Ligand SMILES: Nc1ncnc2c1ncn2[C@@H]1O[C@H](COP(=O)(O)OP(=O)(O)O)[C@@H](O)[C@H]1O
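First comes one chain, alone, set out as structure tokens in the form predicted alone.
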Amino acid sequence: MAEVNSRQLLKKGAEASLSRAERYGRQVVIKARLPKKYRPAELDTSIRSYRTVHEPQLMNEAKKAGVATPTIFLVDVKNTAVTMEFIEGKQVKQLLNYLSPSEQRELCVRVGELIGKLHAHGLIHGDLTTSNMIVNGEGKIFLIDFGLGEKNMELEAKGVDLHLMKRALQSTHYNLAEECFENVMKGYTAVVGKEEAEKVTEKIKEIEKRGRYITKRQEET
């Protein structure tokens, strides 16, 4: 990867490190999956290689579904790294608390529409948080980090995806969470239809009940 220079570490997570760099005069992000010493070496290599290939495939499928994602420039399976477009903009996490109520509603509805497009095409993001959504200078929303994503049409998977979104809003934007999630679901319903949205909403409630039950049992033991 000699064509890449001036790397700057942006984030080092549990699964991968993200670095900003320049490649052929273009700003890019390099996502490199880190070895896990607790896994047998052969298994670790297999898992990281699979995810390195799988994530760009999901991002490409998301584009086909009408959801903006960073353009992939290079998939380096040997080094379990992906080089992709650097999106200049701000995370929804950084923006949401500082928008007017009407702007918050509009943004959350648009986020819901994007999630609806993913689910309608059998795509699960796997980590729907406001940190994984970037708004560029033209107001376009990009979804990033499909590392935990999958292809799945099951109601359970859709419910879990949106439950994670709801939890993320509650933890990061707790004073806005209820209204924001309602607007996310409005956008979602506009894409998938009322009947499907109602089924997913019931599944979210079921997942929440399961969580409360488990918490209660843990407190009792």
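Computed from a predicted model, the values in this text were never measured in an experiment. Superpose the two forms; the largest set of C-alphas matching within 1.5 Å is the rigid core. Residue numbers run from 1 along the displayed sequence.
One more form of this protein exists, namely the form predicted together with the named molecule; it is left out here, but the text below deals with it.
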Assess the spot marked by L18, F86 and S131: is the named molecule within 4.5 Å of a heavy atom from every one of these residues in the predicted complex? yes
Contact segment among 159-167, 173-181, 26-34, 39-47, judged by heavy atoms lying within 4.5 Å of the named molecule in the predicted complex: 26-34
Is there any non-hydrogen atom of K11 lying within 4.5 Å of the named molecule in the predicted complex? yes
So in the predicted complex, is the named molecule close enough to P70 to count as touching (4.5 Å, heavy atoms)? yes
Evaluate N136 for contact with the named molecule in the predicted complex, applying a 4.5 angstroms cut-off between non-hydrogen atoms, and reply yes or no. no
Can you check whether I144 is within 4.5 Å of the named molecule in the predicted complex, heavy atom basis? yes
At a 4.5 angstroms cut-off on non-hydrogen atoms, which residues of 168-203 are near the named molecule in the predicted complex? List them in order. none
With both forms fit on the core, has R51 moved 2 Å or more by CA between the shown form and the other one? yes
When the rigid core is used for the superposition, does K11 move between the shown form and the other one (threshold: C-alpha shift of 2 Å or more)? yes
Once both forms sit on the same rigid core, is the C-alpha displacement of L34 at or above 2 Å between the shown form and the other one? yes
